[in-house]
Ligand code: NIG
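Shown below, as structure tokens, is a lone chain in the form predicted on its own; questions about how it binds or moves come after it.
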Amino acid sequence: MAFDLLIENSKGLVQVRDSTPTFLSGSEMGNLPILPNAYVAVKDGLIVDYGRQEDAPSEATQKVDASGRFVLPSFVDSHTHLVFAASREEEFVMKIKGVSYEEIAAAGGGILNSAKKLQSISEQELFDRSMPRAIEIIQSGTGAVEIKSGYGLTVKDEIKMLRVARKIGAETGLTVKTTFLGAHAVPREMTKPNYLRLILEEMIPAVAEEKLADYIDVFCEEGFFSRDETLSIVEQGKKFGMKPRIHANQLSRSGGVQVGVAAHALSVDHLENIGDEEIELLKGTQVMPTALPFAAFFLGLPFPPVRKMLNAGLPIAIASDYNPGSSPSGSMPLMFSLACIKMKMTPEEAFNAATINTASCLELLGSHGSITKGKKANLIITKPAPSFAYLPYRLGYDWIDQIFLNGKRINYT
């Protein structure tokens, strides 16, 4: 067989697995298979072979020499707000001066600020503004991404956001999963009961009619949406085929984890304020605890107690939370480093959290997250590196040399 692409002489193929039946938990997360001095072969956009260099095939349309470099599967980012109208650096300055996240939101900033800006532009302009961010995350090694709505807060603007997210997937080669997050904040001009009715009776059916969302999410937090409100929204979403994931326990012990477990959510995300009760509740479930380390870093919040969670046998996923207010970066290499530095995860644990486990909670484990025969050839070739641990150690250094999506080299200029 003549392969389309042969990457050969790599220092190591990272995350090589014959199969990936499920996510990794507890002590399993410390196991990261690396095949030294190896090749990987690609045909029709898929990984079809890999092995020791001495067994490498000779025929390929394109050959890439990866001597001294590691070959990794692309990151899977399972939590982003990538589609937005404008940055919010003015709020960044307010935070520096001591204004809290809650105070900014109460003054009409935060999510409502982003909603106002997004409502004022067309769908095409929103796409044009969001595409550079999609290219940016591809260049930093992301091959699959979840994108939420939630800055529309009207029926037409939530739909606008989700259409743009779908179009990003069609235009870039990124694998995109979409999440309806109409319950992100209550518009200033509406009462909460009226907005809840709008979400339940109009937004969810309209989004479902166009098949725009794989998932449904709620910001379950004090001052936003309560436990009971969150549960009613996600249960309605489930009736329309949207599986739940929950913004949980970011600013307080909000009950979001409890709702996530009760609703059989795919993930509960943030967890800066998770306690022993929630950790115990998550044991034995299929709900993926997801840490968003840059949001905690950027807001000066406590980091999720990941070591305690791992010691309890839980799985952990890591995502970027890319958004204009509290996590203005979609760089998964940065999240990888922060997970090691601030949450005391080993490089092996952190990489598993950002590939296998994020692929699992986006229901992409059959096609993403590892170097496995039959999976998409979404691959990263690093710059020369002495060891795998060197990658998260070099915080802020661009250690990516080449990116492949669906077996094609990506070269944005």
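Everything numeric in this text was worked out from a predicted model, so none of it was measured. Numbering starts at 1 and follows the sequence shown.
A second form of this protein, the form predicted together with the ligand, is not displayed here; the remarks below concern that form.
In the model of the complex, no heavy atom of residue 245 sits within 4.5 Å of the ligand. Taking non-hydrogen atoms only, residue 160 never approaches the ligand to within 4.5 angstroms in the model of the complex. Taking the partner from the other structure, the ligand in the model of the complex has a heavy atom within 4.5 Å of a heavy atom of residue 111. By the criterion of a heavy atom within 4.5 Å, residue 117 is excluded from the residues contacting the ligand in the model of the complex. Judged by heavy atoms within 4.5 Å of the ligand in the model of the complex, the contact stretch among the candidates 324 to 332, 304 to 312, 133 to 141, 283 to 291 is 324 to 332.
Residue 101 is the only one of 195, 297, 240, 101 with a heavy atom lying within 4.5 Å of the ligand in the model of the complex. Here is the short version: of 175, 178, 74, 250, the single residue with a heavy atom within 4.5 Å of the ligand in the model of the complex is 250. Taken together, 167, 368 and 376 are entirely out of contact with the ligand in the model of the complex: none brings a heavy atom within 4.5 Å. Residues of 71 to 101 that come within 4.5 Å of the ligand in the model of the complex, judged by any heavy atom, are 79, 81, 88, 101 in sequence order.
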